[in-house]
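Listed next as structure tokens is one chain, alone, in the form predicted on its own.
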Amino acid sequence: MQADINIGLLGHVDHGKTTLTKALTGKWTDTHSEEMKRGISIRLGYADAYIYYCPKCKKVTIKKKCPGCGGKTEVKRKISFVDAPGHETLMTTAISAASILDAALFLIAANEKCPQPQTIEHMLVLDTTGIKNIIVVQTKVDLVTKEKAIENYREIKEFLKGTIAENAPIIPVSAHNGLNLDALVEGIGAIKIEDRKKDAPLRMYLSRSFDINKPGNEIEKLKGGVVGGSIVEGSLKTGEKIEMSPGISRKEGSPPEPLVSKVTALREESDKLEEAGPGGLLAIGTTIDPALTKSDGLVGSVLGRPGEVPKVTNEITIRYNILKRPDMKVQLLRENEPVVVNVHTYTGVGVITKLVKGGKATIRLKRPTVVYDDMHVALSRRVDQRWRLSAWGTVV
């Protein structure tokens, strides 16, 4: 079974996103040495979980046997979770994650005053991308008194006023103790998604790429590079030809050329698939030199069928809106101002070359990308030595 939905975990650093992912899926998503050393998420983490239904108790659970009656359960759906980093220096990674999300669990810890800095930043991401399926999770309730938890709940309600999550349910949990996870799973199982465009031209955003070969492997036993991400539209089968763009530059200073390959394998975690459509986080085996895919070398690329992916561009024009931030006054954009551009899973530096009345901006990118009309774009600008989310818009 392929997952039918991608749910992101967003919120301030150390508010329990990775721990909650582990409680829901059984997988600890911080696997890189630097993540383990620093104790924070740095890259996007992925994990899948099955949601089961007990026909006797008429409840959903993440257990194969019903916790209520002990009877057998039926598989209701499969869900992919995306664990986004919460540290302020990794905001662009969290923004990139939003491009492949259908819903979000927004975590706010009960043992800290609400809101924290990245609580504000991550809510701005949800506001600008328009992700409406949101469950607010009040974490770490086991670390505070009942009175403190209620006080924190009131702070959360006040913070949510005027945001896209104003009417979202707030569910208190303790991931370490498994407290109230059944209520959270019930809420997750009830999330509905719009009909997928499975018959549209293939479009997949790449959020990871890596080399699965171990050091010392013999040349004849080497496997092609692997790319990961989520199909937004269309479908894909093993054996089909694919194109990844912008691709790579063959010579220094030359424009990039798309990479054409063949799908050798389709996987969703440990599950092998013959065909995949929108929803879920996929890993695709290719015939590409693994040296090109290692260390997320192709992150920010768009995957489609040969000849169907838009041309690579160094310049984009967007219709934008300045964000209204509760923590700072955002100045108007200026020509020749450097900005960090997030579009699909691409993150790159650009310079605003032209501003037009009515809220249009032309941005020249240092590193080229691929865009589609009406695609969401986020702009961050440098404020007090930090890049802060300041504007959003759509490609025109």
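All residue numbers are counted from 1 along the displayed sequence. No experiment lies behind these values; they were computed from the predicted model shown.
Quick note: we don't show the form predicted together with guanosine-5'-diphosphate, though the next part is all about it.
(request) Mind telling me which stretch in 240 to 248, 152 to 160, 127 to 135, 174 to 182 gets its heavy atoms within 4.5 Å of guanosine-5'-diphosphate in the predicted bound form? (result) Within 4.5 Å of the partner lies stretch 174 to 182.
(message) Taking any heavy atom pair closer than or equal to 4.5 Å as contact, tell me whether L143 reaches guanosine-5'-diphosphate in the predicted bound form.
(response) Yes, contact at 4.5 Å.
(request) Give a yes or no for M375: in the predicted bound form, does one of its heavy atoms lie within 4.5 Å of a heavy atom belonging to guanosine-5'-diphosphate? (result) Output for M375 is no: heavy atoms all beyond 4.5 Å of guanosine-5'-diphosphate.
(request) Indicate whether guanosine-5'-diphosphate has at least one heavy atom within 4.5 Å of a heavy atom of V383 in the predicted bound form. (result) No, no contact at 4.5 Å.
(message) Quick check on R388: any heavy atom within 4.5 Å of guanosine-5'-diphosphate in the predicted bound form?
(response) R388: no, not in contact with guanosine-5'-diphosphate in the predicted bound form.
(message) Heavy atom within 4.5 Å of guanosine-5'-diphosphate in the predicted bound form: which residues of 1 to 18 meet that condition, in order?
(response) H12, V13, D14, H15, G16, K17, T18, in sequence order.
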